[in-house]
Ligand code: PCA
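Just the one chain here, laid out as structure tokens, in the form predicted on its own.
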Amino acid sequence: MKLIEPMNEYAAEIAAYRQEFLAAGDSMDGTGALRRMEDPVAWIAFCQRLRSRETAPNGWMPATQFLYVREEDRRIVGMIDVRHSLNGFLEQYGGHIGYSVRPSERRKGYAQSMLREALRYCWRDLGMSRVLITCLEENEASRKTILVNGGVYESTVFEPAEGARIQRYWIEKPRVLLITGFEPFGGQIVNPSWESVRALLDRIGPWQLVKMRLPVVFGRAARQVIQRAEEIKPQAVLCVGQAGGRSALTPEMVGINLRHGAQPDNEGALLQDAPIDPDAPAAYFATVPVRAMARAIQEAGLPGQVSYSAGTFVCNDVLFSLLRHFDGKKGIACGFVHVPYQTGQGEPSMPPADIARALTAAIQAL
């Protein structure tokens, strides 16, 4: 799937898209003037004029029109219109983005992914920090699409021309969270830290998640997550690890300058009472809101509590190394959460869905 701007080679598909909406008697949101323009080539030219304020017709705000195209068969499954700025009507009722999905292509997740791609265009290409998106009060599918993409409800207004109640949502430019889990170790075939991380939504509240699986190897796991953090410059890094024997999710308060394994790591290294960095302090405190995270997990109806020991194995190695590396560097908060066994590994345990739900609550508290 990809977003492309209208071009003449898609003229026949554009005409078919328009005709399907007319035949269904459906609204053609996010298509600009397509409903009243029978000639798709003329509509394409009109969309090109809308790209800048200098060439946009009177009464129209500059906008970028996109087709959402399924690449394997070059079929237009949706259209989305991104307005670069708002006039009075758009500010009250229309918002920055309008979109539609072809009636025959609905209930396939296209609206959510199309909106996600359009938002990236807003942040990256237009330099926008937040966008307004609206939907009819009774349009539950559109409401869910907006919420999944981080929409926050503001108000419902009455639009007198159509006699419609319009819900208004704002979507903020996401903050980036690098979140990691570990590969299995110690003879286990799964690691609930990675299983729960990869089950999380890609967007949770204001956070856009970048997920990463780490090796259970002293030093290497820490180097990999630090390297990735330096590449993507997230606002926060949250690592997740397995803690067999614990019955709650435990945000960690501190990482200590010690490597000591009761068992070898996944490359066979068995370290005993070795410092992580001989020149570093004995410990660093986490820079995420540990107590607020534990409280949020509890408020979600799941077991959560603050932990004052991340152990001395690879989990602690990663936490300490992150805190050491980013010490004094503003804008990157670092933390760690241990999770229990998932159901089937041993006891005590939690269902994987509950672990993911608890992590979601913790992320919302960041």
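Bear in mind that the values here come from a model prediction, so they are computed numbers and not experimental data. Don't overthink the numbering: it's just position in the shown sequence, from 1.
Separately, the form predicted in complex with the ligand exists; it is not shown, and the next lines address it.
Mapping the unseen interface onto this chain, Phe326 falls outside it, with no heavy atom inside 4.5 Å of the ligand in the predicted complex. Contact between Phe313 and the ligand in the predicted complex is found at the 4.5 Å heavy atom cutoff. Although the partner is absent here, Trp170 lies well away from the ligand in the predicted complex, with no heavy atom inside 4.5 Å. Although the partner is absent here, Asn191 sits close enough that one of its heavy atoms falls within 4.5 Å of the ligand in the predicted complex.
Scanning Thr145, Thr180, Thr250, Gln242 against the ligand in the predicted complex with a 4.5 Å heavy atom cut-off leaves one residue, Gln242. This chain appears without its partner; in the predicted complex, the one residue of Tyr110, Phe185, Tyr284, Tyr121 with a heavy atom within 4.5 Å of the ligand is Phe185. Only one segment in the set 32 to 40, 53 to 61, 297 to 305, 314 to 322 has any non-hydrogen atom within 4.5 angstroms of the ligand in the predicted complex, and it is 314 to 322. Along 200 to 218, a non-hydrogen atom within 4.5 Å of the ligand in the predicted complex is carried only by Val216.
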